[in-house]
Every structure is written in C-alpha cells, then in structure tokens.
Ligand code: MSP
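Okay, so here's just one chain, in structure tokens, the form predicted on its own.
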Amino acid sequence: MSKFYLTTPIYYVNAMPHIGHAYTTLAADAIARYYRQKIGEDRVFFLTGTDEHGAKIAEAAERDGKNPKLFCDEIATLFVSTWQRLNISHNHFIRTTDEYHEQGAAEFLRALKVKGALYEGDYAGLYCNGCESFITEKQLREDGLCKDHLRKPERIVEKNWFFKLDKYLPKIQTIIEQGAISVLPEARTEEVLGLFRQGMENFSVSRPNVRWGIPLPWDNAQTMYVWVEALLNYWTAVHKRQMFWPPDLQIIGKDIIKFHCIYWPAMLLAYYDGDAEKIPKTIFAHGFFTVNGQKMSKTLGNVIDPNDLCDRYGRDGARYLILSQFPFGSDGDIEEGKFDEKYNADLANGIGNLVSRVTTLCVKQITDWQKFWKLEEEQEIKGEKQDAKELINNFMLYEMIQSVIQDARLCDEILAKEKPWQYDKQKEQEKITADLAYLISRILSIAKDIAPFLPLTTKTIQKKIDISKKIIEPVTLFPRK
C-alpha cells in the first residue's frame, strides 16, 4: 500500500460538537494512527471539517443576529478546539467556506456541465428545510411530517440544474455488486443494493433563491445544493495532493449512505470519464446510538460534550470511553451513568494498575538487569500480533480494544498466580527476572496495540520502559474516579 486517504463526514455547523461527532472522528483517528505506523506518516492523509452553507445555516445565523460567515467561524472554531482536546491527528480541517473549496467545487461542476452530465429542468416536490433536501411521501409520517425533523415539508416548484444519475446507475450497481466499492459493514451492501431496486431519479445539483451558498459558475441565480458541494470537499481538499486520490476509506453515518455510495461515485464517474479507479475504495457506514436509551436531545439534556469527558477523565480516558461502548458499525447505547465504572475497571484498575505494579516490582526486585533485558528481548512479541492486525484492518475497533483489555487482565492473572513480590530476590533472582521480563514484554505489546486509541498512554509507558534499558516507576496513568 503506497498511501492511505481517509475522511470523516464534514459536520454541519447547526449544532455544537457532541459525542456523536466525536465517535466518528475518533474512529477515523485510530485508523489513521494505525496506518501511519504501518506505511509511514507522510503516506497517510486524514481529513475532517465542517459543512457551512445552506438555508438552515443562514436562518440560524439570523436568529443569532449574526452574518452567516461569523456564525460559521464561531462554531467551526469549537470543532477545531474540541478535536485538539481529543488529540485528533487530522492532516487537514476543511471548511466549505474556504476559498479554495468554493473555487474547486465550482471547477468540478463546470467540468460536469462541459461533459454533458448536467441539464436544466423544472422540479416539483416536497422540500424539508431541516433535511435540506427533497423528500418523498413515503418518507413522511402518517400526519405528513418529516420523521426526522417533525415539520411539514414545503411543496416547491423551481428551476434547477440536474445530474444525469440514470446514465451511471447500472455501472455503480455493478461496481458495488462486484466489490470494487466495498460498502461496510456487509449488511450495508444489501441496504445500498436495495436502493437500486426501489429506483432513483436524477437529482438536483443546484437551487435558486438560496443566498448562503456557492453560486453556479455559469448561473449566478443558482447556488450549489448544499449536500452536493459538501460531498465535493473530499475532492477539493486533495486537489493539489493528487497522490492521495481516490479515498481509501470514507467513514460516514448510515443516514447518508445513499449520497456517499450512489450519488458521490456517480459524480466521480462523470468527472473522470467512467474511470472506476478514481472512486472511493471503501465506505464504512456506522450505526446510530442512543444515550441512556434515548435519542440525544437538548430537551432531554442528554447531549454529551466530549470536552466535559476530557475534563473528568483526561484526553485518553475520554477517547477510550467514547470508542469502547459497542462494536463499530452497530447501533448501540451509551450508558452515561457507567462511565466511572468502566473507566475504573478497564483503565485505572486495569492497564494503569498493571503498569504501575509491574514496573514497581522491577525496580524493587531486579538485580541482574543485563539478564533481564536479554530475556525481555528474547520474549518480545516481534511486530504486531496477527489477531490484532486483522481486527484493525477489518475496522473492528471495539474488538481490538477488548483484546487489549483482555491482555492486561491475563497479565494480572499471571501476577496473582506467580506472586513475584514474595520471592527472595537474592536466592530466586533467576525466577523473578524471567517472570518480570515476560510481563514487561507483554506490557510493551499492549502499549503498541493500544497506541491508535490511547496515544498519550502509549508514549508514557514507552518512556517509563525506555530504549536505554531503564525502568522508571511511572506516575499514575489513570487516577481512579
């Protein structure tokens, strides 16, 4: 593998950063860190950012008495600072109000028009301002309200520019069926193929009368449809870094699967004249989660700010609690009331206590350090464990984390069984040295495996068990709560 380009969705600035945004971004961050270990820092490009155009943003800004750009600046800054708190290692943070994105998106759509992939026509349909998209009668509740936003859509008739989706649907279907685009988890593949069976119409790429957006380069009365130009962020961000194109992994929520698995590849096929090598390789659509059994809601007061988790549990503690709740890709529930319990069991009393006990024992019990390090090197697990490698290659992040926690528990069991603190360090030095060298080797393996998830913890462990063949009693990795 010569390069790895992965993306998160860009987050709409109508809401403050919350644990849902953090979950997706942390998953991408762990995968990016793993691939940097695997192929090198300069061969991985990790993109995230904010989606800042559209009528809904203009309305929110007006309610706050601000111009839309100032409103977006304030919210985007919160996302940037939150990702800094969580130690997100993105290579670039894109904003759709960035000048280069606006120019790149205009260039892309101009090319589609030149290639004959766009046409002008009239559209009549139901438009939900909350969704910022047209929806069908089937998507409404029995009372005629949008299921997601509980508001009645407007019936709109307007002149738009359309993308000729029907021209590309057969090829996209074949590409997905043959696995040229890997749609994960596997259940999502069937979900996407079901959309083909339902039938899809050509879609609008522009809208009139929306002031807060990117104008079409050939028709200033129209602005780009907000979700169309949002998709283009993945392209504009690396437009001058062509070595990274196409995306190797795009992580999204399952609610935007049609846009990313059908509309987006179709647009790319049109732009690249049917070249299937230029479309994303893997699209991973994770599930939804509830908090304490209920959908996150300001009204319910169960919206979790990841900054609050950092304040209480530290950066790595917050990362762990967000990523270790349930398998990546599945729907799940976050039990906020059990954060302390999980943190203490897995981190404070788990990895943290293990490292503290073993390094303290080494300092107190080892006398033959030369023999100790020789044994540690002999017992060291060379490279990554195969099972760990397979788990993260298959994006099984939860299972990878559980594997590491289980490794720490097995080391605790060895400690409890062997009781090296009871040995006579003069008469039984050989036994002490062998047991503790093995445990140090296991701890260094744990540190390597957990590095994509808890990078600061890994650095601390490796610093305390350093390359100059010294062991220093560590500070407390995870203070108990």
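None of these values were measured; they are calculated from a predicted model. Numbers for residues come from their place in the sequence shown, where the first is 1.
Same protein, other form: the form predicted together with the ligand, not shown, and the subject of what follows.
Enquirer: Only one of 318, 351, 230, 109 gets a heavy atom within 4.5 Å of the ligand in the model of the complex. Which one?
Expert: In short, 230.
Enquirer: Pick from 88, 366, 76, 296: which residue has any heavy atom within 4.5 angstroms of the ligand in the model of the complex?
Expert: Contact check passes for 296.
Enquirer: Given that the ligand is not shown alongside this chain, does residue 260 nevertheless sit within 4.5 Å of it in the model of the complex, heavy atom to heavy atom?
Expert: Heavy-atom contact with the ligand at 4.5 Å: present for residue 260.
Enquirer: Does the ligand come within 4.5 Å of any heavy atom of residue 464 in the model of the complex?
Expert: Output for residue 464 is no: heavy atoms all beyond 4.5 Å of the ligand.
Enquirer: With the partner left out here, check for me: in the model of the complex, does some heavy atom of residue 286 sit within 4.5 Å of the ligand?
Expert: Heavy-atom contact with the ligand at 4.5 Å: present for residue 286.
Enquirer: Does the ligand get within 4.5 angstroms of any non-hydrogen atom of residue 459 in the model of the complex?
Expert: Flag for residue 459 set to no.
Enquirer: Partner absent here, but in the model of the complex, which of 309-317, 172-180, 222-230, 116-124 has residues with a heavy atom within 4.5 Å of the ligand?
Expert: Among the listed stretches, the partner-contacting one is 222-230.
Enquirer: Scan 243-260 and note down the residues that get a heavy atom within 4.5 Å of the ligand in the model of the complex; none is a fine answer too.
Expert: Result: 252, 253, 255, 256, 260.
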